[in-house]
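As structure tokens, one chain now follows by itself in the form predicted alone.
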């Protein structure tokens, strides 16, 4: 029983940087009134990291501190968690795991426009080519809750938000007998 008796579901939206996670989560949060938790912002705001990775130009998150910070919110339910990794979150937290995917040429352009270069750009493109995050999600969560969605265009994002809104509206908590 993933939901632990929560009245509202928890959704994880993951994918390579540049696939539209934050945009999708923000629009979905507005549409269905679930709390949007951007893990990257949370890590920066609350110093939930172990320093800076010079090669990849990002914080080295402390997964235990992140999980400790989120535990109570996740128990309450009603969250959309936005992060480019997923294998360290407890499986019990999520009722739906969404992996956003983007065509490599589109992703390359998005990441380049954000200033990604060198190893950081190459690593993220390779992650998308080899579907690393989809495989990570399938290995970490029950396959029936993992959903891969294409996120190349504004239309794709709108379709994804509509699909997830419908999913939330149809979701029912599991109750113990």
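Numbering follows the first chain given and starts at 1. Values in this document were obtained by computation on a predicted structure and should not be read as measured data.
Just so you know, the form predicted in complex with adenosine-5'-diphosphate (ADP) exists too; it's not on screen, but the next bit is about it.
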Practice task
Identify, from the list 46, 114, 33, 138, the residue with a heavy atom within 4.5 Å of adenosine-5'-diphosphate (ADP) in the predicted complex.
Solution key: 114
Handout entry: Interface segment, criterion being heavy atoms within 4.5 Å of adenosine-5'-diphosphate (ADP) in the predicted complex, picked from 64-72, 48-56, 120-128, 148-156
Key = 148-156
Practice task
Find out whether any non-hydrogen atom of residue 19 is located within 4.5 angstroms of adenosine-5'-diphosphate (ADP) in the predicted complex, and reply yes or no.
Solution key: yes
Exercise for the section: Using the partner position in the predicted complex, report whether residue 110 sits within 4.5 Å of adenosine-5'-diphosphate (ADP), counting heavy atoms only. Expected result: yes
